[in-house]
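Coming up, as structure tokens: structure 1 and structure 2, two forms of one and the same protein chain.
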Structure 1
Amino acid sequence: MVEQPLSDVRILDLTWYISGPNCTKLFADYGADVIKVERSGEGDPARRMGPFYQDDPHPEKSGLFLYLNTNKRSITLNLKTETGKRILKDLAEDADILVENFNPHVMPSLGLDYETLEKINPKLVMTSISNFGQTGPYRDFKASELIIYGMGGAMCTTGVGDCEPVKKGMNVIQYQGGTMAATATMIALYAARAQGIGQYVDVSLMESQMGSIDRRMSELLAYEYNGELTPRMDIAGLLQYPYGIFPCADGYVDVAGGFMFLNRIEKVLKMPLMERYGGVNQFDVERREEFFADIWYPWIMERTRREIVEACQEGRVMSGPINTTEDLLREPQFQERGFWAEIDHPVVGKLTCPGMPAISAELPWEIRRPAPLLGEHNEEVYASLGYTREDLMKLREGGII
């Protein structure tokens, strides 16, 4: 087995859903021993979230769970019992990191807050991920992806003109927050090992949007320096054209052209344009519509994405296809760089998923094991604490594991 950079790191993973598991996955895939602590009987709620393999809503067939929990070991433990709390404290003694993303009141109410765990393991790094952070007037508020993006992200400037704001698709904030938490946790681990003391990391999903995603930082600086509020605008209508996403013979294509490059657009279209449009004001709506109706759309609708991109490359105009998921799996760039990884899971068989986030011979990334079955490693992990099979039977009968 390849020696990985985090092979000497042990993590207690008390996370669920997306942001927390994404954080711990980044450690696990680089070699850390991540012990995922799941609720007995139910497990991580992500096990009940789709898409499911072959549309079978089975707790071991959630594509989301299978992706976010590679290389982890799963144990079940009821943290609402005194025995369960004691077992977690025993596990924390040998852990380097503990990550949780419950509501801020949960860990203190269980008697498992950082102040308590630090006494057990003075070098422990504990990371808490929550909607609004562990302090402040919003600390206990519930939230959704839409709410957090609206409150902390660039949603106020995302959209068209005078229409309502819109958000990015899917769970952008959850993944961004998990990545931010992993970065902060790695820094804290270095500090803990260098200084010999523990660290507590408080990650707010809302705050993770403030300076790390989309256009947010430039917008905040524009207001700070100039009192300027960035408006939503119709990019296709205000910038150089042809500029934007356009339909074509087999889907959609993105073209970043414009009449400032009119000589290049001539090469792409293989027709003279300078005489007719060379002096045209970019914001002349009538001439703009004429160009699209008479020249651009007849040309682009007769061609495929590949033909358009190749013509644009030849004319030195930036362009790219709007790829579907199926397209991405066939993309030669990803295949050449070995981006896709194959996972062999005992229930669903072989699956393809996104692989290494960066290429480095000195920092090898590897799928050592698929996402675990619920409680798959109970015997293995609890045996390391001295529990026998008979002990585990009693714990299971008592609703503790």
Structure 2
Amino acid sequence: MVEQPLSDVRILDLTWYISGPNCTKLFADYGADVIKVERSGEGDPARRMGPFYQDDPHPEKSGLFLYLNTNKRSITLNLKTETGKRILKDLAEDADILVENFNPHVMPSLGLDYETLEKINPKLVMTSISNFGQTGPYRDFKASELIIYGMGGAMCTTGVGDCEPVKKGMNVIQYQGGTMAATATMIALYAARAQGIGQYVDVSLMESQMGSIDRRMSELLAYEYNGELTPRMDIAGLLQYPYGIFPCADGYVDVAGGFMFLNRIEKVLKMPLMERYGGVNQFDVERREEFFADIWYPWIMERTRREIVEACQEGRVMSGPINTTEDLLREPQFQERGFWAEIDHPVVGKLTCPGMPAISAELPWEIRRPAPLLGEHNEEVYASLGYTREDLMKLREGGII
């Protein structure tokens, strides 16, 4: 049995909410020992964010927290006390990586900035994730999922022209910042191991969008090249023979036909089209509407997503069913590849969740333990630092853990 690739890596995890925990989750699921440091009493605020198991807003039942914190150990620690800071420094001495996503002023104000920690552990990789980065005029500005996408990402061209710009789904912008931070941290860890140098990694969520490929970087460069701003354009606005998302018998389906591929659409529909529409270009509104009314809608409204997608595949036209999460869980593709993972949690029981981001026999991915209960690993972690049960009692009474 191959050992997990990151079983030799220890991470001191001061993160909360979404981006930071997603970064350390990638490491934890590949074997890193991640010690999650939470505030006593409340813990990570993600524990209070839904969806909750059976809609019970209990700190151990948040789906968001349960997903993002698999394979981590939780300790509680009050970083505002001198003892708390000392304990954190003790833990940093043995860590390969420290990740935090507080506001930029927090770590320096606690006396836990990189310059201080570097003296304790010169090989430490410290990664800070923040909304706008550790420097600059926006450093202390507040933000949200929506605001980061609007400023950094391609929001200005997402949506339809007669409406406001619209964001992506759920919290993917913060997740993406976490994935970006994981890549940056992994690269820095590689240098730490190869060259013996620790360093400070500064990840800005705004830049993680400004430097992301989903149209943003390309749109920026297209503007720099030709000076043209792009309007928001819905898919149907491309005015092509069938190109866009359409209603069908059991929901919606996405079909990327296009007038250039009329011969392929012929094969999909099993109808002669070239004769009628062969010479028509995309701007001929009358003929296009005739095509949709006489041919396309009658055909598509009678068929299910599955039937349409299969017909498109046969005709070599790209397409996709608009799946809900329920449909997604039923897709044979992901079941057959063993993508779904199972968590067995002491409070909520067995749960299915997204699994490994890559398949390789040499890179085993595993749920070794569910997300931790708040402070679940206080005893074992503090014992490893030499604290006795009596010491822990005192720390607890002192409001430190």
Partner chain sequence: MAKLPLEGIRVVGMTQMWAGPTAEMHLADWGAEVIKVESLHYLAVGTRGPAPRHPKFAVDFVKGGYAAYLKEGYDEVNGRPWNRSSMFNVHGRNKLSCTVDPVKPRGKEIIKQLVQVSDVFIESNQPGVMENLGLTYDVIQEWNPKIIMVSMSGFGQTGPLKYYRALGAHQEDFLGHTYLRGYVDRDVTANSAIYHGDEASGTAAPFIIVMALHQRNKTGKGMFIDISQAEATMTQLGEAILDYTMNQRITERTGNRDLYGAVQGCYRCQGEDRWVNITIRNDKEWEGFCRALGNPEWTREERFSDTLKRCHNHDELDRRIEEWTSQHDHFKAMYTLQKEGVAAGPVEHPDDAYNDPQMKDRGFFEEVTHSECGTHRYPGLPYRMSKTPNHFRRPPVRLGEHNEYVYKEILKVSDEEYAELEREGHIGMDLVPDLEIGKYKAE
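So that the term is clear: the rigid core is the largest set of C-alpha atoms that superpose within 1.5 Å between two forms. Quick note, the numbers are simply positions in structure 1, starting from 1. Here the structure is a predicted model, which is why all the values come from computation and not from measurement.
> So which is the form predicted in complex with its partner chain here, 1 or 2?
Structure 2 is the one predicted in complex with its partner chain.
> Kindly check if the Cα atom of Asn226 is displaced 2 angstroms or more between structures 1 and 2 relative to the superposed rigid core.
Shift of 2 Å or more: yes.
> Relative to the superposed rigid core, does Pro247 relocate between structures 1 and 2 - that is, does its Cα move 2 Å or more?
No; Pro247 is a residue whose C-alpha shifts by less than 2 Å between structures 1 and 2 when the cores are overlaid.
> Relative to the superposed core, report the C-alpha shift of Met271 between structures 1 and 2 in angstrom.
Its alpha carbon moves by 2.3 Å.
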